[in-house]
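A single chain comes next, written as C-alpha coordinates; it is the form predicted alone.
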(Lines give C-alpha, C1' and ligand atoms only; values in the text may rest on other atoms or scores of the structure.)
Protein backbone atom coordinates (compact mmCIF):
# COMPACT_ATOMS: atom_id res chain seq x y z
CA UNK A 1 0.00 0.00 0.00
CA UNK A 2 2.84 2.43 0.72
CA UNK A 3 4.06 2.22 -2.89
CA UNK A 4 0.85 4.02 -3.89
CA UNK A 5 1.07 6.75 -1.27
CA UNK A 6 3.89 8.77 -2.88
CA UNK A 7 2.26 8.93 -6.35
CA UNK A 8 -1.10 9.74 -4.77
CA UNK A 9 0.37 12.58 -2.72
CA UNK A 10 2.36 13.80 -5.73
CA UNK A 11 -0.79 13.92 -7.85
CA UNK A 12 -2.64 15.79 -5.12
CA UNK A 13 0.17 18.35 -4.83
CA UNK A 14 0.20 18.86 -8.61
CA UNK A 15 -3.57 19.31 -8.63
CA UNK A 16 -3.45 21.75 -5.72
CA UNK A 17 -0.62 23.72 -7.33
CA UNK A 18 -2.47 23.95 -10.66
CA UNK A 19 -5.69 24.95 -8.92
CA UNK A 20 -3.89 27.49 -6.73
CA UNK A 21 -2.13 29.04 -9.70
CA UNK A 22 -5.43 29.34 -11.57
CA UNK A 23 -7.38 30.83 -8.65
CA UNK A 24 -4.65 33.05 -7.20
CA UNK A 25 -2.98 34.36 -10.38
CA UNK A 26 -5.46 33.41 -13.09
CA UNK A 27 -2.71 31.44 -14.86
CA UNK A 28 -2.62 27.96 -16.37
CA UNK A 29 0.10 25.64 -15.03
CA UNK A 30 1.30 24.55 -18.47
CA UNK A 31 5.04 24.08 -18.13
CA UNK A 32 5.93 24.84 -21.74
CA UNK A 33 4.08 28.17 -21.63
CA UNK A 34 5.59 29.07 -18.26
CA UNK A 35 9.10 28.23 -19.46
CA UNK A 36 8.65 30.05 -22.78
CA UNK A 37 7.35 33.20 -21.08
CA UNK A 38 10.03 33.10 -18.38
CA UNK A 39 12.81 32.98 -20.96
CA UNK A 40 11.16 35.47 -23.33
CA UNK A 41 10.26 38.06 -20.68
CA UNK A 42 13.32 37.69 -18.44
CA UNK A 43 13.11 39.10 -14.92
CA UNK A 44 10.21 41.53 -15.37
CA UNK A 45 8.24 42.15 -12.17
CA UNK A 46 5.12 40.33 -13.38
CA UNK A 47 7.26 37.40 -14.54
CA UNK A 48 9.03 36.42 -11.30
CA UNK A 49 6.39 33.91 -10.32
CA UNK A 50 7.36 31.85 -13.40
CA UNK A 51 10.98 31.64 -12.26
CA UNK A 52 9.90 30.56 -8.78
CA UNK A 53 7.58 27.96 -10.31
CA UNK A 54 10.42 26.57 -12.46
CA UNK A 55 12.82 26.59 -9.50
CA UNK A 56 10.27 24.60 -7.52
CA UNK A 57 10.07 22.05 -10.33
CA UNK A 58 13.83 21.54 -10.12
CA UNK A 59 14.28 21.77 -6.36
CA UNK A 60 11.17 19.80 -5.35
CA UNK A 61 12.45 16.37 -6.44
CA UNK A 62 15.87 17.11 -4.95
CA UNK A 63 14.28 18.04 -1.61
CA UNK A 64 12.12 14.90 -1.74
CA UNK A 65 15.13 12.64 -2.27
CA UNK A 66 17.13 14.36 0.48
CA UNK A 67 14.28 14.32 3.01
CA UNK A 68 13.13 10.75 2.38
CA UNK A 69 16.50 9.16 1.54
CA UNK A 70 14.84 7.69 -1.54
CA UNK A 71 17.42 6.53 -4.09
CA UNK A 72 17.59 8.33 -7.40
CA UNK A 73 16.19 6.37 -10.34
CA UNK A 74 18.74 4.69 -12.57
CA UNK A 75 19.72 6.60 -15.67
CA UNK A 76 18.28 5.19 -18.90
CA UNK A 77 20.64 3.03 -20.89
CA UNK A 78 19.78 4.53 -24.29
CA UNK A 79 22.35 7.31 -24.09
CA UNK A 80 22.64 10.95 -25.09
CA UNK A 81 21.53 10.70 -28.76
CA UNK A 82 18.16 9.24 -27.76
CA UNK A 83 17.76 11.85 -25.00
CA UNK A 84 18.48 14.69 -27.45
CA UNK A 85 16.17 13.23 -30.10
CA UNK A 86 13.44 12.71 -27.51
CA UNK A 87 13.80 16.26 -26.23
CA UNK A 88 13.59 17.70 -29.73
CA UNK A 89 10.52 15.59 -30.54
CA UNK A 90 8.83 16.64 -27.29
CA UNK A 91 9.60 20.29 -28.01
CA UNK A 92 8.25 20.00 -31.55
CA UNK A 93 5.13 18.21 -30.31
CA UNK A 94 4.58 20.83 -27.64
CA UNK A 95 4.59 23.62 -30.21
CA UNK A 96 2.49 21.59 -32.65
CA UNK A 97 -0.07 20.68 -29.97
CA UNK A 98 -0.27 24.21 -28.56
CA UNK A 99 0.83 23.03 -25.13
CA UNK A 100 2.42 20.27 -23.14
CA UNK A 101 1.07 17.29 -21.26
CA UNK A 102 0.82 19.23 -18.01
CA UNK A 103 -1.09 22.08 -19.58
CA UNK A 104 -3.51 19.88 -21.48
CA UNK A 105 -3.68 16.87 -19.15
CA UNK A 106 -3.84 18.52 -15.76
CA UNK A 107 -5.20 21.98 -16.45
CA UNK A 108 -7.11 21.61 -19.72
CA UNK A 109 -9.04 18.50 -18.77
CA UNK A 110 -9.72 20.05 -15.36
CA UNK A 111 -11.34 22.97 -17.22
CA UNK A 112 -13.30 20.52 -19.42
CA UNK A 113 -11.52 21.60 -22.60
CA UNK A 114 -12.35 19.32 -25.54
CA UNK A 115 -9.10 20.36 -27.28
CA UNK A 116 -7.13 19.30 -24.20
CA UNK A 117 -8.97 15.99 -23.96
CA UNK A 118 -8.12 15.22 -27.61
CA UNK A 119 -4.52 16.35 -27.11
CA UNK A 120 -4.11 14.21 -23.97
CA UNK A 121 -5.54 11.15 -25.69
CA UNK A 122 -3.13 11.76 -28.57
CA UNK A 123 -0.17 12.03 -26.15
CA UNK A 124 -1.14 8.82 -24.39
CA UNK A 125 -1.76 6.76 -27.53
CA UNK A 126 1.47 8.00 -29.11
CA UNK A 127 3.42 7.17 -25.94
CA UNK A 128 1.94 3.67 -25.72
CA UNK A 129 2.66 2.94 -29.39
CA UNK A 130 6.20 4.32 -29.07
CA UNK A 131 7.01 2.16 -26.03
CA UNK A 132 5.54 -0.89 -27.72
CA UNK A 133 7.57 -0.34 -30.89
CA UNK A 134 10.83 0.44 -29.09
CA UNK A 135 10.68 -2.34 -26.51
CA UNK A 136 8.70 -5.12 -28.10
CA UNK A 137 8.89 -4.72 -31.86
CA UNK A 138 12.45 -3.39 -32.14
CA UNK A 139 13.93 -4.77 -28.90
CA UNK A 140 15.41 -1.45 -27.71
CA UNK A 141 15.39 -1.06 -23.95
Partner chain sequence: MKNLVALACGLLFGAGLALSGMTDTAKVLGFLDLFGRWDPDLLFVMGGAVCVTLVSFRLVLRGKPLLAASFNLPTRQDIDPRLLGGAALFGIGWGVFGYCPGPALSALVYLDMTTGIFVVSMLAGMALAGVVVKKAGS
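Here the rigid core means the biggest group of C-alpha atoms that line up within 1.5 Å when the two forms are laid on top of each other. Everything numeric in this text was worked out from a predicted model, so none of it was measured. Residue numbers count along the first chain shown, from 1.
One more form of this protein exists, namely the form predicted together with its partner chain; it is left out here, but the text below deals with it.
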- Query: Taking heavy atoms and a 4.5 Å cut-off, does residue 80 contact its partner chain in the predicted complex?
  - Reply: yes
- Message: Since only the chain is shown here, I'm wondering whether residue 138 would be in contact with its partner chain in the predicted complex (any heavy atom pair within 4.5 Å).
- Response: no
- Message: Using a 4.5 angstroms cut-off on non-hydrogen atoms, would residue 69 count as touching its partner chain in the predicted complex?
- Response: no
- Message: Contact with its partner chain in the predicted complex for residue 73, defined as at least one heavy atom pair within 4.5 Å: yes or no?
- Response: yes
- in the predicted complex, residues of 31-66 near its partner chain [heavy atom within 4.5 Å]: 31, 32, 35, 36, 39, 48, 49, 52, 53, 54, 55, 56, 57, 58, 59, 60, 61, 62, 64, 65
- Core-superposed C-alpha of residue 48 shifting 2 Å or more between this form and the one not shown: yes
